[in-house]
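Form predicted alone, single chain, as structure tokens, below.
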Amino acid sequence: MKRVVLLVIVTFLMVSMILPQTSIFGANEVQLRFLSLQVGVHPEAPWLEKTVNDFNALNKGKIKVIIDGVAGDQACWEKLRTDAAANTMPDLFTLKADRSEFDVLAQSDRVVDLNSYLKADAEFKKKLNDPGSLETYTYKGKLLGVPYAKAYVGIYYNKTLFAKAGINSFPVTWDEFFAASDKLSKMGVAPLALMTGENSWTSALMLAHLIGTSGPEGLKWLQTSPKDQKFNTPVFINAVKKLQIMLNQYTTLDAIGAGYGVAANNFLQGKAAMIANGPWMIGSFSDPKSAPEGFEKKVGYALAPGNGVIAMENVAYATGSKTKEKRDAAVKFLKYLTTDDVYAAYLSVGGAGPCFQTDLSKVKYPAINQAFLPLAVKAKNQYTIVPNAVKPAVIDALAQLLPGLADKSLAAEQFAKQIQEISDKN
């Protein structure tokens, strides 16, 4: 009998070594790769880690989500775009709302259509009840992601630096903005944390604010389809002229070629007094790995001069799984993301707006967002980001063309002409 028992144990161990993903019950554990930039010092990293760990514990031996972390927005996007081209899509990933990225993935036909899962689960379908959010992530009738965050994007500013420069409140007109920038510069502080590398994110946000608050023509420009967009127009050229002043006079010396991490760090370390960014940045203000102790008390959040705010769908979560087994497992995780406790924890990190039915009494919005959101909702001018109004090739070209604006080797009119040529060719 002992020999039989020993033989069984040895056989079990040998099989376990050969099939490491097999549980003692004989059921294969489905492993899901989750490509995410919410790692390292990203303010949402602790939330994602806890969410994945909790899900894995609930589904031990059946499903295991493994985070494939890629730090940095642009680096993560490049990896996702490469996966789409190579047909090696991750099982889980964030699907951004801006058209420059969404359209590339939608047209690749690598993202799973979730409609059949909604039809099979009445509760899941009922929860996803925001028509605008669902439309954002729908392509040719296919729902490609679970909408997860809306964002109102204004301008963060360092109240302590403003006070030292004799600025009592955030500027409400662009003339006041440039006057305040002069005061900050004379004090030896860069007014703005801008960047020309990667997707030129913070600079592109300022460009959107400049266009969106320039009147009806600006709002119309940002609503224009990328394929019909025109750049040799007064509304675009005038906004570029103001952005040129910012890049030439009012930003840090390392802005040229800088990625988002450099721009964000310049604001977090008090080297720049303002940065255009969304609510996802709020968590970093109180993160000791990102900012000095007490920094969150120094930060204010304001509408752009001209009573403007970027109002946008932000991200969804999606799956690119190839097999039904993995797709089913991935959708189970997507459903888990919509549970009240998980979603409330997410919204509480950065203060994003909800995209589906949930218990908002569980959300503890950061104080900075509690003050900003009522202003944002009532802002006179609400508009989208530049990547939604131009072709992806235009955004890619900014890294090459913005430095020319910064050193004035390129006039605004020349910049617009070159952007138009790139748009026409793509």
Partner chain sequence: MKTNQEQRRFIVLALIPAVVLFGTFYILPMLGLIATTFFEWNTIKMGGFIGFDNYLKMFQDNVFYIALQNNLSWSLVAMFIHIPLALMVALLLSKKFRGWKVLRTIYFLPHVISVTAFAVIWMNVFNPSFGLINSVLKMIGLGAMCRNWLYDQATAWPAILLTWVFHVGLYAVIILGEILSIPEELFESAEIDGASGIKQSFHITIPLLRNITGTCVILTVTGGLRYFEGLYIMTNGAPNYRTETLALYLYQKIQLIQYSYANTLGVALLAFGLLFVITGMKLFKLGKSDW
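Since we're looking at a predicted model, the values are computed, not measured. Residue numbers count along the first chain shown, from 1.
The same protein also exists as the form predicted in complex with the partner chain; that form is not shown, yet it is the one meant from here on.
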- One stretch from 353-361, 394-402, 54-62, 373-381 that, in the model of the complex, holds residues within 4.5 Å of the partner chain by heavy atom: 394-402
- Is the partner chain close enough to 78, 84 and 110 in the model of the complex that each of the three has a heavy atom within 4.5 Å of it? yes
- Could you confirm whether residue 253 comes within 4.5 Å of the partner chain in the model of the complex, counting heavy atoms only? yes
- Message: Is residue 413 near the partner chain? Define near as a heavy atom within 4.5 Å, in the model of the complex.
- Response: no
- residue 257, heavy atom within 4.5 angstroms of the partner chain in the model of the complex: yes
- Query: Does any heavy atom of residue 104 come within 4.5 Å of a heavy atom of the partner chain in the model of the complex?
  - Reply: yes
- Query: the partner chain isn't shown here, but in the model of the complex which of 74, 244, 321, 286 has a heavy atom within 4.5 Å of it?
  - Reply: 74
